[in-house]
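Below, in structure tokens: the form predicted alone, a single chain.
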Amino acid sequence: MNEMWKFSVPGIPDELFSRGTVPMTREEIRVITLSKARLGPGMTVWDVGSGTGSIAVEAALMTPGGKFWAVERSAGGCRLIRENSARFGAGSVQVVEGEAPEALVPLPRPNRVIIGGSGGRLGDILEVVEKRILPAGRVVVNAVTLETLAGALDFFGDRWQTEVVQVSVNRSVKMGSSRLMKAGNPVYVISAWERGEDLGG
């Protein structure tokens, strides 16, 4: 909660973020992603393929004492993450300019990992995540292609418990004196947690 976002609920409007041409997780998808991450005070969170940093920033505002590592390979994206972190007063967000999975290796072990972009290296990224995530950890992968969805589920296999939610968001747009609903691309939100942990883990 700060001057830019004075509410205690998630869902910062997209237009409040600096965006440029860098991909950003849209508001409604962001809300569901954060709910599936089950964040808690003091957690260490990796936001892989952070883009504009919208997830890392909003997660930081929701998580007292948390530490957030926004990993992004593009210089333009890193600049936007820093700008958005400053705009919303999210001082706990640390920007890591580099490509995953290599950029993940020196980071502190996470309680939660959110993957918004993988650059075609999802399997390699998840291998590092599986080795380094702390006990009772959770992973959330956002997929816009069937290949990414299949790759995530294939990796998690029977070693992890998984849940998949398909989210389709339609928004009203003004067309002359009328309003029409414009459909966004469906997004698959894949949640995974260690087998044996309950849903509250």
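Predicted model only: the values in this text are computed from it and were never measured. Each residue number is its position in the shown sequence, starting from 1.
Beyond the structure shown, there is the form predicted together with another copy of the chain, which is absent from this document and is the topic of what follows.
A.B. asks: Run the contact test on Pro10, Glu27 and Ser178 with a 4.5 Å heavy atom cut-off to another copy of the chain in the predicted complex and return yes or no.
C.D. replies: Each of the three qualifies.
A.B. asks: With heavy atoms only and a cut-off of 4.5 Å, decide whether Ile32 touches another copy of the chain in the predicted complex.
C.D. replies: Yes, Ile32 sits close enough to another copy of the chain in the predicted complex that at least one of its heavy atoms falls within 4.5 Å.
A.B. asks: Any of the heavy atoms of Met43 lying within 4.5 Å of another copy of the chain in the predicted complex?
C.D. replies: Yes, Met43 lies within 4.5 Å of another copy of the chain in the predicted complex.
A.B. asks: Verify the contact flag for Leu39: yes if a non-hydrogen atom of it lies within 4.5 Å of a non-hydrogen atom of another copy of the chain in the predicted complex, no if not.
C.D. replies: Flag for Leu39 set to yes.
A.B. asks: Whether Gly20 contacts another copy of the chain in the predicted complex should be assessed with a 4.5 Å heavy atom distance threshold; does it?
C.D. replies: Gly20: no contact with another copy of the chain in the predicted complex.
A.B. asks: Across 146-182, which residues bring a heavy atom to within 4.5 Å of another copy of the chain in the predicted complex?
C.D. replies: Contacting residues: Leu146, Glu147, Leu149, Leu153, Thr162, Glu163, Val164, Val165, Gln166, Val167, Ser168, Val169, Asn170, Arg171, Ser172, Met175, Ser177, Ser178, Arg179, Leu180, Met181, Lys182.
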